[in-house]
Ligand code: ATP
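Just one chain is shown here, as structure tokens, and it is the form predicted alone.
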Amino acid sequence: MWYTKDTERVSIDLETNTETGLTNVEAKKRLDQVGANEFSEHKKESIFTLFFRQINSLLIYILIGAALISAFVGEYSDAIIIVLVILLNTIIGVIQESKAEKALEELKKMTTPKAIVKRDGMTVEIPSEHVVPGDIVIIDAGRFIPADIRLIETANFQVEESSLTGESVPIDKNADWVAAEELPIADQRNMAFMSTLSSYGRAIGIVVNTGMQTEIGKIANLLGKQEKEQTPLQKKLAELGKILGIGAVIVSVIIFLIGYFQGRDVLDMFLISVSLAVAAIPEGLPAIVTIVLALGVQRMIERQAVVRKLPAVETLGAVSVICSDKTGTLTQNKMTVTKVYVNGNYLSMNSPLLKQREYSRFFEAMALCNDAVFTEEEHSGDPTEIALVAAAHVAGFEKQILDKNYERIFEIAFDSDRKMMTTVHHHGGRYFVMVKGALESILPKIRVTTLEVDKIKNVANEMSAEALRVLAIAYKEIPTFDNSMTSEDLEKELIFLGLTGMIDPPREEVKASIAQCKQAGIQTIMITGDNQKTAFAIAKDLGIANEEIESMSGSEIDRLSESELCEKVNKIRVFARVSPEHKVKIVKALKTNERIVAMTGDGVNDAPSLKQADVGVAMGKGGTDVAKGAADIVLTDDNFATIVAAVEEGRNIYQNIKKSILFLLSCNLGEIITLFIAILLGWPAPLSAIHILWINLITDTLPAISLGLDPDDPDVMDQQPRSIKESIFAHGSGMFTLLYGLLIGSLTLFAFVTGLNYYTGAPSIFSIDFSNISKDALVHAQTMAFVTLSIAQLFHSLNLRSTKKSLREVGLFTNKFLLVSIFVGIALQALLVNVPVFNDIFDLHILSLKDWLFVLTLSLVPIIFSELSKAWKRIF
């Protein structure tokens, strides 16, 4: 029980050095011995399980039954083809599912949390799975605890342990506390546990357990595999599949009964009915949607956006508001102190006066009340703190030297409510309190006259007008210090040292991205903790806001009711000096107005608003682990332009999925119309069961997937955001599906009766004696119908590339995958028709050149019709 031992005993037992940590060699040795610091994955599904899932369908079972019946009555070719189609569909499904899973696994690896440890005396950041027992881990606010840790040093350290104990209130931790007896996890005050969250302060600890040996690992071992999350679109498709399934079964039963009472062959009608039911239901849709989403997600990675949750891809396409943090997202996150106000002088940082001794305490406080690391080799920490240390460095003060001379013995960490940070230092028998923070927080605590306060405020306003971020610096000397002293004791009667004005310049590409958002109907809102004037100055420069009336502070939000905020929020473009609660209120107000909101954030305090937003976007570089954990998308470059690129990608992915869906549904409708009308009119079946299954295999895979890979539409960001509730059949898509289903079905029937007319020698199609047709003439006509239906559907895939632009505008050769799919499809049809062995299996007739010209001409009609209708719309 590590919590019953003092820190010295723990370090001895684990054979580690609390000052330098483990050596890299020893860490590698321990990693080999105990294994990676991760949970053992549950056994992955076998190929057999994946295979069985693909065939675990009532209609597939019926199809298998049809194959068995065919074999039993001697129709071996039918049985073989049915089994072949089932196998091919199943294999394709398994491959698609495996690819999608692999893509998602790669994404999980990219979002692995990091841990800061001491190795060979150096502080380094490593993947958390490389942490081993004995590692010395450094923890700051907002970071997940990477393993079970015995704390050896704490500074106002609190941990949120609800994931382990169910206790929602953060727990105070104390490294010096030692238990005298066995205690439950919730009472172990000197321990921090894996997967819990550091919510406040800082700490250092020794890793005592990793992986499955941790407390959370023991729980994980009891848990089963979580169910996969379905996207809203996949849920809609599942519902659509059920409706289509019921409809297909009803139509199939009707066709079977009609055929039966017409005296047709029962086995033939049974096979046709079953194959039609299977063909009518686009069972490949979920797999196609998954693979298109997964491939789209991989494209997003190339554009620096890692998608953690698939539903976010669909929601992105509907985003109408992007609430963006300013620092690091809209700006370069390279804060630089450019102006200072010290000893009554307002100076530029390049002023030689700053080297004078009278300014030394000002720069010492800037560097000491600071957690940033600033050396020639490394710059790490909060950008604002890095800028302050860098400014002190310019003035000749090195933080490493000051830290050694002025030992930090106590600190009160910065938080969003106080908006200030305080540290206590011991130097030469004296105690110094160093304070930095927002001017409005520090000004009431300093000893100055009213005249001096007015001058300080005027300088601060002047800095803000220059879009500079203003921080106040103060200090005081105290005669003695003890741990019972409170913030009220330490932060009163301060001596004002000066102001710093720093700027974080906007990213060059952000202006163009914001302009693109406006064009796409997406509103950009800046939400920041900065001063209102500073925030507005940056927003105006970027084109987010034009008038100061479009900005609002957090205190103004507090004075508004929910209904008033909902009314105002649509007119505000800049929210400044906001707290985490304000961010949640803003997001809620926007959503109340039926806006789809994307929210960016990087800190612990951003997690509530990231979860509240429709799409939470965390910063990958500067973001805390908790922000990344709460987000749907992580930006690896912390860039606003990447959010816009992700929205564009999301819109294109949705469009491509919709193309695949409409293509499959219109093709399946064409097959139903062909058979239903023919059977209803008492004609011979234009297609056999094998024909329907083969066509379904071709049209359900290559062209549908190829449409899902269609190149991005350059005009997609010229459109207004779609409603998240929008149906797949919105904007005329339902009529489009019905129209082309009817057209393809009619062309197939026309090819069939034309073939019968020609090969029976009837004077016209209206004088065909359907009761007296030779086997040869029927097979010839069925072959023409078979080829016309399949090739018309292949050509119809080109119509789905755009319902508005002509093929010339879209670019016939821009989707090479689709062209290859069409070419392969036609080649396969020609192979079946002209190679004797396939000819016999599929019961087809070799077509003459005249026949081929006729069916190819008919197959081109959907394209011709589409191009003419698009031209008509453009003209009128």
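Start at 1 with the first residue shown and count on from there. Computed from a prediction, not measured in an experiment: that's the story for all the values here.
There is another form of this protein, the form predicted in complex with this ligand, and it is not shown here; the text below is about that form.
Of the candidate stretches 420-428, 119-127, 401-409, 193-201, only 420-428 contains residues with a heavy atom within 4.5 Å of this ligand in the predicted bound form. When this ligand is considered in the predicted bound form, S551 lies well away from it, no heavy atom lying within 4.5 Å. Of the heavy atoms in K173, none are within 4.5 Å of this ligand in the predicted bound form. Taking the partner from elsewhere, K628 is found to have every heavy atom lying beyond 4.5 Å of this ligand in the predicted bound form. Interface residue remark: D325 is counted as part of the site for this ligand in the predicted bound form, having a heavy atom within 4.5 Å. Contact annotation: of the candidates D541, E462, D712, D382, the single residue with a non-hydrogen atom within 4.5 angstroms of this ligand in the predicted bound form is D382. Think of it this way: in the predicted bound form, this ligand has a heavy atom of just one of T214, S320, N639, T528 within 4.5 Å, and the residue is T528. Applying a 4.5 Å heavy atom cutoff to this ligand in the predicted bound form picks out R469, V470, L471 from 463-496, in order along the sequence.
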